[in-house]
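One chain comes next, on its own, written as structure tokens: the form predicted alone.
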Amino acid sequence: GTDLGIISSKAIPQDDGTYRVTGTKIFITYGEHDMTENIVHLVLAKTPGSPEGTKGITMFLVPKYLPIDLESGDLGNASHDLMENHNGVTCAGSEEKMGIHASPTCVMNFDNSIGWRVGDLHTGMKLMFQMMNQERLATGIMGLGLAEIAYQNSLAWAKDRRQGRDLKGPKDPNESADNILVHPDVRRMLLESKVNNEGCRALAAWTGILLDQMHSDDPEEAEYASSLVALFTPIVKAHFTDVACETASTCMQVMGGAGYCTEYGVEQFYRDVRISKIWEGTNGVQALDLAGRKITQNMGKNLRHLMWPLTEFIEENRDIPEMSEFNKPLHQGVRGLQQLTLLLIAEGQANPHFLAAGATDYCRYFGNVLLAYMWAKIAKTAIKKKGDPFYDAKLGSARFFFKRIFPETVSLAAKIQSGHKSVMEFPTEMF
């Protein structure tokens, strides 16, 4: 679960340098399977006398089967042949889930299992987050991928489906009905899906570039990239998957009753993508990480590294008439982001409930601002190549984003500014 500080798994040190690990873990992806001869688990546990909370957590390597010739805990000279009996590692069951049916989600028991410490004592959380931050970015891309295939399937359906007539008169009078792409609401749903997917893909590409730049030999470039990756990670995870779930649901709606039927596949994409908002840290936790940690981390350096290119882009395009319809709302969104950030920090210091109550809306506001920046940059390139159908479509997508998606930042700001009282003063017993 989310609160790792209360784990009860124990690791007792042995004279040969190994540990005896005992405890139960839930929601373990591929905790048990038959694809390999052995399964090696990385397990978080506490040794005797460890500090309370997450500071006392250590990571251990615990294999399902031990090497047949293991002596004195030394893995260095052990063979690849395995003991017949398991190392006290058993699967108590596999969860019956809404989706991701090809992925077993297991309850794992460790009963006096032999394990080896990974890293120093009490560094388990630090080591886990090296993996976790990578997985959070990967989960965002998982959401984007499922949203894209849902869109492609629903679009293919829409191109063939005929229902009703264009409100302005028949488009295909020789057919029994017009293609459903004549209906404004169908176009709205498809465009919301398409434009959010393409905006997220652009932000994913920028994040990928930054991941490479983190390893630059130039210290300033590496610091800049590291700061932005830290800032973007909770947004990529939360915003991409929030939008992906909405997109998969919308694409089912485009297809009507067919979207609800297993024969056409989109309902599976929805069932599969729904986990992405939950695992690797729920999206509510990502929002708290962004609002409560990442924006203030390193004395606000993460956010400053973002504001520099944003404000530079806005200033460069201030006097370009063709960019006005994109640059002005981007400017307003960035100013709003700065103001909301200061509000959350100031009020959150006095009452953390204020920050926590607004964190999810703040994360979505932030995600929309980043996508607005992506679409404004895309629009600037597309304007230079007007007349090319590909770039004209990009320009149309950018217009749709700023006219039909980005305005939700106004209501998000209002919700953040409303504070926490309506949330926290509601009587608990009346839920």
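All of these numbers come straight from a predicted model, not from anything done at the bench. When you see a residue number, it is the position in the sequence shown, counting from 1.
Omitted from view is the form predicted together with another copy of the chain, to which the following refers.
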inquiry  = Taking another copy of the chain as it sits in the predicted complex, is residue 329 near enough to touch it, meaning that at least one heavy atom pair lies within 4.5 angstroms?
reply    = no
query = Is residue 83 one of the residues lying within 4.5 Å of another copy of the chain in the predicted complex, judged by heavy atom distances?
reply = no
key: Distance check, residue 223 to another copy of the chain in the predicted complex, heavy atom within 4.5 Å   = no
ask   = Taking heavy atoms only, is residue 263 within 4.5 angstroms of another copy of the chain in the predicted complex?
value = yes
request  = Counting only non-hydrogen atoms, choose the one of 329-337, 84-92, 118-126, 168-176 that falls within 4.5 Å of another copy of the chain in the predicted complex.
outcome  = 168-176
request  = Can you work out whether another copy of the chain is within 4.5 angstroms of a heavy atom in all three of 196, 231 and 341 in the predicted complex?
outcome  = no
key: Proximity to another copy of the chain in the predicted complex, single hit among 309, 208, 257, 300 (heavy atom within 4.5 Å)   = 257
ask   = Across 108-126, which residues bring a heavy atom to within 4.5 Å of another copy of the chain in the predicted complex?
value = none
